[in-house]
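Starting off, we have a lone chain in the form predicted alone, written out as structure tokens.
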Amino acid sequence: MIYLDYSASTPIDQRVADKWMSVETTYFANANSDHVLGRESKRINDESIRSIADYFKVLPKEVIITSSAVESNNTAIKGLALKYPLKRHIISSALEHASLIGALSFLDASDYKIETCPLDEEGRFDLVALDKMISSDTLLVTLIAVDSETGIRQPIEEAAKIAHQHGTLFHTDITQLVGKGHFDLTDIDMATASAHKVYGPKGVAVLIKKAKVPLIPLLHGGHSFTPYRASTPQNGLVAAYAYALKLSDLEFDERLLKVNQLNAYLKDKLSQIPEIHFNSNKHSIPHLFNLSIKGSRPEEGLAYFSNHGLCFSSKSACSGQEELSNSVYAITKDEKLAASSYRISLSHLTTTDELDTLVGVMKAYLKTL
């Protein structure tokens, strides 16, 4: 099998898995316990939190450990809404992850006004329009850092500054950017990320919440790492996440160079096939390669590719099975392209031989249309 769905989930790095098991079997005690093993577990957890905070360039107290990016997004959106119930306006986008859209839909049903920031002709957030949309009733601006289907890197740092000019808080989901590109959280109030997108384990994620931002916790009952999320500390998972982030930082240049080379190689091969249209553009990170196959139905195409040993997707794995890709349509305004799009995710683990196989199977598939 050839795996090209790294944006849905990455395999855990063996070094990270070893770290996870080492901590989980050695420092297994509840870090809240007041005995020698509990104190040792707390020490390891504190070290892990400091390491995560250093990676994101924030304070340890600004790191909230969660179980998933879904929980992080819900905590950020609903926790802020609970804190400021009189502010009922939120600005987001059509490119958001399903967990963010789900949280906003929940608030929309409770009489919140949810507005969508438009995109410019290159598929990036229209910052001039955003500036005009913010009002005194705006609770939050929440805009994703990288569209999980086309890979377009969004100007979140600039958007955050615009929000602050109006006295409005700013949240972003950087799950698809961590380990793949540089970012600056200086002017960003809250940010979401997850371990399993950066060769870490599933079941652990983070919500970066700046100290000045108040939230009402969604989970109550028992002390954990912070007062914003109750649960028994996940010693091994957090240590593994911290190590995965460290490795992604140490090996960033090497990994990015490899993926850039793979992206260029694949683009060159596929550009020779007239039935294929590229949806990703110059603003896309090289790890995400979105294309449309004219005349194709993704549910049938993916079955064909899977039967030939190729694993990739048509949309974000969490976006559901709606007919059109919201992201591709928002960018192209073309229903046919949005209804025939595929997402290929590259990794430093990918090989050119795998891409040659992909191109060969695509050519064979086109003959069946």
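What you see is a predicted model, and the numbers here were worked out from it, not measured in a lab. Just count from 1 along the sequence shown to find any residue number.
The following text describes the form predicted in complex with a small molecule, which does not appear among the structures shown.
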Just to be sure I understand the contacts: of Thr26, Asn32, Ser68, Ser51, which is the one whose heavy atoms reach within 4.5 angstroms of the small molecule in the predicted complex? Ser68
Which pick from Ser280, Thr168, Ser93, Ser99 sits with a heavy atom within 4.5 Å of the small molecule in the predicted complex? Ser99
With a 4.5 Å heavy atom cut-off, would you call Ile144 a contact of the small molecule in the predicted complex? yes
Verify the contact flag for Lys197: yes if a non-hydrogen atom of it lies within 4.5 Å of a non-hydrogen atom of the small molecule in the predicted complex, no if not. yes
Using heavy atoms and a 4.5 Å limit, would one call Asn73 a contact residue for the small molecule in the predicted complex? yes
With a 4.5 Å heavy atom cut-off, would you call Thr175 a contact of the small molecule in the predicted complex? yes
Go through 213 to 221, 295 to 303, 252 to 260, 188 to 196 and give me the stretch that gets within 4.5 Å of the small molecule in the predicted complex, heavy atoms only. 188 to 196
